[in-house]
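What follows is one chain in structure tokens, specifically the form predicted on its own.
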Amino acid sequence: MSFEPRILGFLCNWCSYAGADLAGVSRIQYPPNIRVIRVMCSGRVDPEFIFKALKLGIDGVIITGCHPGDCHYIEGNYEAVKKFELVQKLLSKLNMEKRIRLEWVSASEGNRFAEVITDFTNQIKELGPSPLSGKDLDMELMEKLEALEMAAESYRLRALVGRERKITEQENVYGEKYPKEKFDNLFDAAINNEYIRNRILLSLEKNPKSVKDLATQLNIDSKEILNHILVLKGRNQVAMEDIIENQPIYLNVMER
């Protein structure tokens, strides 16, 4: 039995949804695998939407919007790009970044809409079913994906996404611009740190642990784990519960 992927599409109301409609009334053929959610702007697609879909076992997620410069809300598709890049970088940690795509389709591009959906469907067919679909779920992978979702929702990463243009394109009070390459390195480090911290939080949510226990479970150096614990303590997300055999035991005190 051939694999037929389940694909979720977020389509911009002003351009790509109209493009899909044109493809339909023009009877242009494309795979029926996509299920569509119409949004007012591609920039409205929050990273949380993508993670929720993947956690539900959706095989692929595609976002389509107006071409750059044609956004009904002026800069909405620019915001879509920044959010998409964040999710793509996060998913690359699980080798799932190819299960999402961002494309531009105008209201007059019914043929292009059909081509994009056909190409993406074939790409997902080559990748095969989502590792989070089916009855026997990989719970470790699910927990990692949840940690990535929590990282995407963190204030630090959202702030970097929202301020990237101002930081890299506008001069500061000294007439200097922050180099894009330097910003990208900072962004990548922030993504990695927030991912690990949320993996720690999810682990401590199950039961309290020592730094050594966390290092063993997550396969990360104890010194690095300790540094993350100190940050999480400063955020009032973890606290020391006890000391056993000279080792502090930490628990998750974050409300969700």
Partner chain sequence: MTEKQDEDIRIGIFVCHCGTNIGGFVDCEQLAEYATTLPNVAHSEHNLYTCSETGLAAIRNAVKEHNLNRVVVASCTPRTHEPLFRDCVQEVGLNPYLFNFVNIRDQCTWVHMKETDAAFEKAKDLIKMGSAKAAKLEALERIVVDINPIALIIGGGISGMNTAISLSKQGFKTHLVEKEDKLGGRLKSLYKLFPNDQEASAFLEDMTKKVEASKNLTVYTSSKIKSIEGFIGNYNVEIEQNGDIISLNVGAIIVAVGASVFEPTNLFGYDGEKSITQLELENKLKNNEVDANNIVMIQCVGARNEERVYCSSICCMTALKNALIIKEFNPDAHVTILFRDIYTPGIQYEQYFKKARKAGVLFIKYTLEKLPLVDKNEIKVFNEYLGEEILIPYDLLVLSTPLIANNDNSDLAQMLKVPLEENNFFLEAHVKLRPIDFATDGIYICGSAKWPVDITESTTQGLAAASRASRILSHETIEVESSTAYLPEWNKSLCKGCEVCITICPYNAIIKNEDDEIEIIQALCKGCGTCGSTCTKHAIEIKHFNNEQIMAEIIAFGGKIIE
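Predicted model, so just to flag it, every value in this text is computed and none were measured. Residue numbers count along the first chain shown, from 1.
As for the form predicted in complex with the partner chain, it is not shown, yet the points below apply to it.
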Spell out, yes or no, whether the shortest heavy atom distance between L56 and the partner chain in the predicted complex is within 4.5 Å. yes
Looking at the partner-bound form in the predicted complex, is L137 within 4.5 Å of the partner chain by any heavy atom? yes
Residue-level contact is defined here as any heavy atom of the residue lying within 4.5 Å of the partner chain in the predicted complex; does Q29 satisfy this criterion? yes
Just checking whether K177 would be counted as a contact of the partner chain in the predicted complex - the rule being heavy atoms within 4.5 angstroms. no
Heavy atom within 4.5 Å of the partner chain in the predicted complex, from candidates E97, D184, D119, E153, belongs to E153
The one residue among A215, I37, L226, A190 placing a heavy atom within 4.5 Å of the partner chain in the predicted complex is I37
Which of 193 to 201, 207 to 215, 226 to 234, 41 to 49 lines the interface with the partner chain in the predicted complex (heavy atom within 4.5 Å): 41 to 49
